[in-house]
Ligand code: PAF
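Coming up is one lone chain in structure tokens, specifically the form predicted on its own.
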């Protein structure tokens, strides 16, 4: 593999023009270590619409993100060693511009980004005034020059990651961010270029920081709560000077105002003259994704594929309602006959089994009805069945029992509002009635059912929308905190990628790693 070393605008521009692949940028300040190795490794294995990719590592010690009394002049530098490591780690090129190349008129003579106060009021933003303004400014400058399709960043500086995600979203830049879990040394210390400042005794002292965070995770899981003053006191007793220990909402970087399943516990300390940051995430259960939306929006297919990609359990709640409709039809029971419905549900044994191909088999009282519940007859009946309180109560209870430990993605029409109102991610998946009718006709054809006219199917979808949204019990509505995703013109893969991106904005890799 040819490895390119770039130092100037001209060299970067020429290299970029020569590429027949999409560029993935791994921005660093040099002094590469095993944490950077992991970033490069992940970058090399990324997929972007099945296109060929090349990995560019940038090394630039940004003067704008250092305060007057910070270590800009003494920050560890070693370009020759970095070139050697970047080559060994598998990067395709390394770009090491001078300050003049990034800021030709000087760092203070260019436009600078101002990060919203809501993202800098806590953690490092509170004690390092202007730090994240400098980070955002230089990253935007790097992106402008490199023009990558993807940015790979570590989760170690979680606040920085949240800010850069917000920057790209606010500026509507078509650049994806891939986050990578914090890499730690054998002694538990998070990998950092500044770790080399520590002598042997300080290194031993610094280990109390990850240990305290680990103890907090165990305490939280045992429902003993988090005592911030106690954590601070323990760190100080181990010889560390505490800058902050804070418990925040990881998505918005604000104090948690209600009991949420996921919380960020972050700390910054000084060990001797070295400032160290670290964090952990506190969870009482595994993450839940709730996908709601009208009939024919593609929820089942998208949910199934998303579950595979994220290693989550696929909870097909639509199949659960269809299975009840099936058994009522088989026994000729009127869905509005509450007593008869209650009686049949007492003997209703439902199993959702995952097959070898990751598809879900629906077993009712020992019968595999996976295909039968997709018939037009069941489709026409399921809205009436789902509107019955006795049915919804029965299935909601079953779904919530399955969800007690989390680790699942569920789809339906009230998943985010009634079944899992505390889901970490809620998506309202929808499409125009014409698009949904087209998909439904194709689906019926693929399943071997009779050929339907698209106008007829569209009329049925409109009627089902009306029934679902006007029923008195758990009507189809978008949850207040759900993200609406309109999928007209999007294929399944693009929809799954869009939801995966939303998932990663809320759920870090170090909490729920992507399989394989």
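Numbering follows the first chain given and starts at 1. What you are looking at is a predicted structure, and each value in this text was computed from that prediction instead of being measured.
Although not depicted, the form predicted together with pantoate (PAF) is the subject of the following passage.
Taking the partner from elsewhere, no residue among 297, 382 and 411 has a non-hydrogen atom within 4.5 angstroms of pantoate (PAF) in the predicted complex.
Looking at 283-291, 130-138, 230-238, 317-325, the stretch with residues near pantoate (PAF) in the predicted complex, meaning non-hydrogen atoms within 4.5 angstroms, turns out to be 130-138. When you look in the predicted complex, the only residue of 435, 157, 212, 202 with a non-hydrogen atom within 4.5 Å of pantoate (PAF) is 157.
Residue in contact with pantoate (PAF) in the predicted complex (any heavy atom within 4.5 Å), chosen from 474, 62, 487, 460: 62. Pantoate (PAF) in the predicted complex comes within 4.5 Å of a heavy atom belonging to residue 29.
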